[in-house]
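In the form predicted on its own, a lone chain appears below as structure tokens.
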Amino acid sequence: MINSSTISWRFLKVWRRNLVTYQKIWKVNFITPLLEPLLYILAFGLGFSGLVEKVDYAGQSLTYTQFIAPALIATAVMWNAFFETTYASFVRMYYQKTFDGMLATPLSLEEIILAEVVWSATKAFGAAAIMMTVLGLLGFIDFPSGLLILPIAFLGGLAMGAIGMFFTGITPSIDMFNLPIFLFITPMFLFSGTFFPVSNLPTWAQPMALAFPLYHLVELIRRFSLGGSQTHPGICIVYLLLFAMVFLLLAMRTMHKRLIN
């Protein structure tokens, strides 16, 4: 059972532990969000410029690179948060026995799981900030409204990190993460309005796309990057908040069964 009374600000101690560890390798992790948008813009800008002239989105006529640029930030949030609470958390839990050591202290399991999810959102926030700066310099982000991308990236990181932690609680071995990646992350990556508007999908497929958290994250980042979106931002924010809370509770429950029961 999840006991909310066992959650306190002690979870920040675990968050800080992850930060201190990350500071030893941050230079390597800095390269990906710095260069990734440049590679995507070059690839799609050069490769698709002759095939896709304009994309009609939310009453705007955009170049293809303008359309996908905000989605690059959203997908970076997804990958950073999800991989942190799956592979990285699994290594800390199973191979390094870090969670076992923490549980021997006054920390509760709920605090450890909360810290892992918040840390994943922090990494997603950092990646989004770097990519937003690069894309802003290239002229694909409108400022100052673009600054609102940062809190949205943190919220999206919480949602992606929470579901990643849930999968860690039910995945028996590290090799089995291929299943949630193939069955959940890959379809979400492809069909959340990242590379084409969801309105281009068949009518029967659109509700499934709208159920993905990445869709709502993409919509919010496009809203603050380009000034328009197909879904009201309030709906997207509420969806991501509810998604994060539901899967955080599920993650705590599954991890409790795995480590305590």
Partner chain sequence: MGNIIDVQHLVKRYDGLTAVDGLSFTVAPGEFFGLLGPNGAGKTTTIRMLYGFTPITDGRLRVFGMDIAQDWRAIKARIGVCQQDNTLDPDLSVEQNLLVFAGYFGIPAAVARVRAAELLYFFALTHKKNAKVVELSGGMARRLILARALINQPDLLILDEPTTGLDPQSRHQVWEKLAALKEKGLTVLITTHYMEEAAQLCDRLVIVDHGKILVDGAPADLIRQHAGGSIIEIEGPDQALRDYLSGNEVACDDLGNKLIVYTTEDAALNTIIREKFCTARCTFRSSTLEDVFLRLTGRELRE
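These numbers were taken from a predicted model, which means no experiment stands behind them. Numbering follows the first chain given and starts at 1.
What comes next is about the form predicted together with its partner chain, which is not displayed.
The closest non-hydrogen atom of residue 106 lies within 4.5 Å of its partner chain in the predicted bound form. With a 4.5 Å cutoff on heavy atoms, residue 14 counts as touching its partner chain in the predicted bound form. In the predicted bound form, residue 96 approaches its partner chain with a heavy atom inside 4.5 Å. Interface membership of residue 10, defined by any non-hydrogen atom within 4.5 Å of its partner chain in the predicted bound form, is confirmed. Here the marked residues 27, 47 and 133 all miss its partner chain in the predicted bound form; none has a heavy atom within 4.5 angstroms. The contact residue chosen from 141, 188, 118, 102 relative to its partner chain in the predicted bound form is 102, the criterion being a non-hydrogen atom within 4.5 angstroms. Heavy atoms within 4.5 Å of its partner chain in the predicted bound form are found in one stretch of 123 to 131, 75 to 83, 108 to 116, 156 to 164, which is 108 to 116. With contact defined as any non-hydrogen atom lying within 4.5 angstroms of its partner chain in the predicted bound form, the contacting residues in 243 to 260 are 259, 260, given in sequence order.
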